[in-house]
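As structure tokens, one chain now follows by itself in the form predicted on its own.
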Amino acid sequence: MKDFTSSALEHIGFSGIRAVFDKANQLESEGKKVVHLELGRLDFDTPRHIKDAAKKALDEGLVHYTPNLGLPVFREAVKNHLQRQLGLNYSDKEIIATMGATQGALLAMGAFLDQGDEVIVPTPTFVSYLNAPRFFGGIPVPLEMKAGEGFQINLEELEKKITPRTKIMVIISPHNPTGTVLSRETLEGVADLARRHDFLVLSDEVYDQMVFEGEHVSISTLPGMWERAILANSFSKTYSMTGWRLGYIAAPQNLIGSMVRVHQYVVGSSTSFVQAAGAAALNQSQDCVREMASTLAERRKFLLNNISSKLVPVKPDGAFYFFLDVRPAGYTSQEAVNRLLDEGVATVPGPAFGAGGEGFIRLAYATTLEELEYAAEKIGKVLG
């Protein structure tokens, strides 16, 4: 029988994160201790009031289709949240309830890419962004960010990557996998290029509530950018709702109108009672968000004090990741990951995040201090 696999999958492999996760689970099934630092999944439970809102919605029969854009109560909650947090004034028709920020990114690619259009993706990057354009005939164009430049976007190098086929640029801040928070100066430079060369910016702001030093700036707030920015966010990290699969995108109505045409055929609408829970998350007390962020700040401080500074070339100011440089220890990324896994610590090799990742590994401090103490000891033993 012939191979029926689409040619679009030719350059799309499986996630390097999941490869480590599967191997770590295999070791655990054999009775070995493993500290999971490979997944970007917080160890906190979803706050009680959010779960209660979902139960209430179920009990009240909110179990059917919603409008393609999402429940009005959800979109109203997002609209008010963005106004409070960022001073952005979207209407409820300029927001789509998505199944996480990843699906929001796919909607943008599907709505705006023609065959051969280019998407500039600063790397290392979250695994989806180098592959998503390929599903729609787009071409990902990596733009390497360097530790020596603080993993900020080099604006001169960015301008060299821009061509007449450039349609979208992806930015992530706070950044996965490096933990870098893009500076206002960097974002203003990106905005200037986007305006002059007339391309869209897809802004992943999933970690916006996890900034420990500096400030979070949404590129949508910069002059002339509201019209060409697509803001993607998620409830997965902020409210520890990874399994709920809920997020949103916000953009001007002309852009949203194109994306919802894709959305209606991909999922139709996001889960009804999950949207109700998301509305409660945004509308009610944010103490749970502050408490989780405070706990993460303690974990970050512990690792900064207990991992050799030569392994931390750029201090992570946001999210909950360290991007460790293993080259001083004389290892490739994969060698370091393998040796640490032998010691019971699961991390991710840098090349899983694209160009510029070799020589680094990602560590997610999404677990207890007790387990981080164990991990820090093993990291010191293996990497020095």
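The structure displayed is predicted, hence computed values, not measured ones. Counting begins at 1, following the sequence as shown.
What comes next is about the form predicted together with a small molecule, which is not displayed.
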Inset, instruction - Verify the contact flag for Glu94: yes if a non-hydrogen atom of it lies within 4.5 Å of a non-hydrogen atom of the small molecule in the predicted complex, no if not. - result: no
Legend entry - is_contact(Asp204, the small molecule) in the predicted complex, heavy atom dist at most 4.5 Å: yes
Inset, instruction - Report yes if any heavy atom of Thr102 sits within 4.5 Å of a heavy atom of the small molecule in the predicted complex; otherwise report no. - result: yes
Inset, instruction - Tell me, yes or no, whether Ile172 is in contact with the small molecule in the predicted complex, where a contact means a heavy atom of each within 4.5 Å. - result: yes
Legend entry - Answer option from Ser218, Thr186, Asn176, Ser270, heavy atom within 4.5 Å of the small molecule in the predicted complex: Asn176
Legend entry - Partner-contacting position among Lys161, His81, Arg245, Arg228 - heavy atom within 4.5 Å of the small molecule in the predicted complex: Arg245
Inset, instruction - Please name which of the stretches 210-218, 228-236, 144-152, 84-92 has residues with heavy atoms lying within 4.5 Å of the small molecule in the predicted complex. - result: 228-236
